[in-house]
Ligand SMILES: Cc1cc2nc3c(=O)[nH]c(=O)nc-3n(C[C@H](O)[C@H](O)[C@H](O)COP(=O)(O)O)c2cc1C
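One chain follows as structure tokens, the form predicted alone.
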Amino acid sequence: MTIDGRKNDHIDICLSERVRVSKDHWDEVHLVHQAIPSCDLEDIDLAVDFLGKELSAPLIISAMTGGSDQAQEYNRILARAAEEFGIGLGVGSQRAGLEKASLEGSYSVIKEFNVPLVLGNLGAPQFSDSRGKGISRYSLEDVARALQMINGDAICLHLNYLQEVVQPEGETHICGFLDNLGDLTKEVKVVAKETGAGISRKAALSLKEAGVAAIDVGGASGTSFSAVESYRDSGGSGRAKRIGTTYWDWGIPTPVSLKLANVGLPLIATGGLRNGQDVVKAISLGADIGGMAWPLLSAASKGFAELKREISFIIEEIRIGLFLTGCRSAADIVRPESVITGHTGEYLEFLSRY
């Protein structure tokens, strides 16, 4: 299948099928109410500085798409919203744009808008030592081209190996990645990004040592790309459907991953955030900003007005959550208090012993 066909498949499946993991771990994170707030609701300051860029709210539209005509229209709508609300925007994997010049426009369309923080996106396999296996390794010049394509402020390197092992076209090369990553971070600002299976403490420490500027934990709680790939197996051998179903719920819950990955680097919380209260929960667990993909893709599929309405509600919910937990700002050194219960709490408690 062509790259643009695969990109359209991902969009269509996410919008039409049930692809979330079975358990929503955010339901087991509970914010502690403060009966006496610290300031008036309208005085809550939502502005945050992330990677040297000021956002009007601690929110980023997470990497979703690019590489097809359909994706181009979504990126245009999403970028317009990011400009209007002063929030961040990440694009989907730019491999399609690098390898097929005709698809560059599906990413560069976002340059029509003044977005305060733009994150590019390339895959870890392209930075492994895999040339002998028929896979081209990207150079610093390729990274520079990806960033120029979107006027990007940093490049995300996505660690989507769960998806890769299920995908028929998957690339599972990792040897040499950390060494090559260390070389890259000396030249450009890199965000290490998981895509639904979470970042462990061990991985976070390795990424920090390699010099990444931030970590996007991309934990299990929202869209499962193992599930997405299982749906793409229609008419195939049945392998992706079988493996994708087996590993549907694989991964570290996002709330747990936020605690594990807190190794002194800026953190983006993605993985199942549904509303502004979930963003505040993520901040309470160590995140600097929260990222959303599916809720905003769903809204964007109904047009810009619906997307604008959804983001307005999310930002209002963030303000209210900070107010009710006694915070004065999204960047407050005193974070909201929260309690993790149930399976998610047990998971975290067990891991904290080691």
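Quick note: we count residues from 1 along the sequence shown, nothing fancier. Worth saying up front: this structure is predicted, and the values here are computed from it rather than measured.
Below, we refer to the form predicted in complex with the ligand, which is not included among the displayed structures.
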Residues in which of 218 to 226, 240 to 248, 164 to 172, 181 to 189 have heavy atoms within 4.5 Å of the ligand in the predicted bound form? 218 to 226
Touches the ligand in the predicted bound form: residue 92 (any heavy atom, 4.5 Å): yes
Heavy atoms within 4.5 Å of the ligand in the predicted bound form: does residue 10 have any? yes
Although the ligand is absent from this view, report whether residue 193 comes within 4.5 Å of it in the predicted bound form, heavy atoms only. yes
Residue 340 versus the ligand, in the predicted bound form: is there a non-hydrogen atom within 4.5 Å? no
Of 297, 57, 29, 327, the one that lies within 4.5 Å of the ligand in the predicted bound form (heavy atoms): 297
Within 4.5 Å of the ligand in the predicted bound form, heavy atoms considered, which of 284, 230, 121, 126? 121
Scan 63 to 78 and note down the residues that get a heavy atom within 4.5 Å of the ligand in the predicted bound form; none is a fine answer too. 63, 64
